[in-house]
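Next up: just one chain, as structure tokens, the form predicted on its own.
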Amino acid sequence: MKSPPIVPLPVPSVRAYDTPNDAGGSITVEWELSPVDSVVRMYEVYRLEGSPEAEPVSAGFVLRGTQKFQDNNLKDGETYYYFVRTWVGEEYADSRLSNPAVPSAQWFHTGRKSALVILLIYGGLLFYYLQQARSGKPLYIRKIAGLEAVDEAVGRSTEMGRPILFIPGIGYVSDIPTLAALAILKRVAKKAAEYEAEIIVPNFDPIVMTAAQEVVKEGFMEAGRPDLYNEKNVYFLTADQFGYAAGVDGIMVREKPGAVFLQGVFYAESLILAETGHSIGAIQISGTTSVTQLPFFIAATDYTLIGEEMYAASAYLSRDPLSLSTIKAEDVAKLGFIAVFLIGILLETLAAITGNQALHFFKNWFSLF
């Protein structure tokens, strides 16, 4: 004897509401499962725009056991109604209409309160140190050996009667490390002008070359020696990676510079350039944000600016109050967050050992947000 077919039963209730913490254009629909959910083929969600009498349009479907659906790409400010169709085999049963729901954008993501707290802490530190700098109080920033050695390298090159070679890498002017390299180039050019030394800057990119010419010229003018500026020493070499490396190596071998600066974006040519500079006995100061190239620079050059030390170069060399306060605030904020995480790790470890739930630092902390 065949068992009677199972009749589809509608879901008991449907609720629609504006999706929280979004940029608008989205409604979330929730419902209770049908009493015959175990045999349901799918739940299909229908949308009615404007009024309960509007033509229903299928918004999508989900498998049995699911109680939520998010309807996207809607118009903000419009009113929408929903109902859920329960499919059992080829038969279905429709629920009642949901309450009206209107999508809108939220100004603030309530799930990211911790980011707001961090931003407020950093903003407070930045404001404090900016006021300290503007009032004339010195801000201590740890010494960066590579930048402290700039004057020494230029002076040594001058004493030896050799030129200074500045290599801005194979990046483009849109690359942040290249911009940082140009900031360092200005300081090197100014010192070279003060010591009446020659500076050579071969470039990989024509636009970087134009920027480098202006930077070097400005450095010579700030030193009060614009007459020593030679535009021909800042030139375009080639846009081929290893052609550029070969050309710079040739310059090193022929000109025998006393100081070599490798600053900017570097790839596989980094070790070739650094080894050639080492072979001619030049003092070398390198810097890049490329993690894969840093080991070669550390091994083959005298000083290396690692990662964010390049970004701090402009503030470190210029001693501009706004730039210095930014770096100081970042350093203090980092120390504070490191201390918080170390305390949290210690308390979490103690909680795991002792079984004391009150010591669960991270769970208790983030539950506040």
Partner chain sequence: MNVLWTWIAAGLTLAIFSFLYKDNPFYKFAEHIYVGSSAAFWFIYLWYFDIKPKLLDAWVMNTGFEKYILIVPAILSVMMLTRFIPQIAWISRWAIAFTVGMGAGLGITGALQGFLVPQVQATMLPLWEPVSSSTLYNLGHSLNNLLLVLGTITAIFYFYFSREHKGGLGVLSKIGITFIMVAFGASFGYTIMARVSLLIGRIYFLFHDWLHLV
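Numbering follows the first chain given and starts at 1. Heads up, when I say rigid core I mean the largest set of C-alphas that superpose within 1.5 Å between the two forms. Predicted, not measured: the structure shown is a model, and the values here were computed from it.
Only in words, not in the display: the form predicted in complex with its partner chain, which the text now covers.
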Inset, instruction - Report yes if all three of Ile27, Ile121 and Ile200 come within 4.5 Å of its partner chain in the predicted bound form by some heavy atom, otherwise no. - result: no
Legend entry - Partner-proximal stretch of 50-58, 36-44, 66-74, 309-317 relative to its partner chain in the predicted bound form, 4.5 angstroms, heavy atom: 309-317
Inset, instruction - Only one of Leu179, Ala93, Ala133, Ala223 comes within 4.5 Å of its partner chain in the predicted bound form by heavy atoms, so just point that one out. - result: Leu179
Inset, instruction - Sort through Ala211, Leu125, Ala149, Val88 and report the residue having a heavy atom within 4.5 Å of its partner chain in the predicted bound form. - result: Ala211
Inset, instruction - Answer for Ala352 alone: is it within 4.5 Å of its partner chain in the predicted bound form, judged on heavy atom distances? - result: yes
Inset, instruction - Spell out, yes or no, whether the shortest heavy atom distance between Lys232 and its partner chain in the predicted bound form is within 4.5 Å. - result: no
Inset, instruction - Could you confirm whether Phe108 comes within 4.5 Å of its partner chain in the predicted bound form, counting heavy atoms only? - result: no
Inset, instruction - Answer yes if any heavy atom of Asp331 is within 4.5 Å of a heavy atom of its partner chain in the predicted bound form; otherwise answer no. - result: yes
Legend entry - Any residue of 311-340 that, in the predicted bound form, places a heavy atom within 4.5 Å of its partner chain: Ala312, Ile327, Lys328, Asp331, Lys334, Leu335, Phe337, Ile338, Val340
Legend entry - Is_shifted Arg112 between this form and the one not shown (CA, 2 Å cut-off, rigid core): yes
Inset, instruction - Determine, after fitting the two forms on their core, whether Ile306 shows a C-alpha shift of 2 Å or more between this form and the one not shown. - result: no
Inset, instruction - Taking the rigid core as the superposition reference, indicate whether the CA of Tyr129 shifts 2 angstroms or more between this form and the one not shown. - result: yes
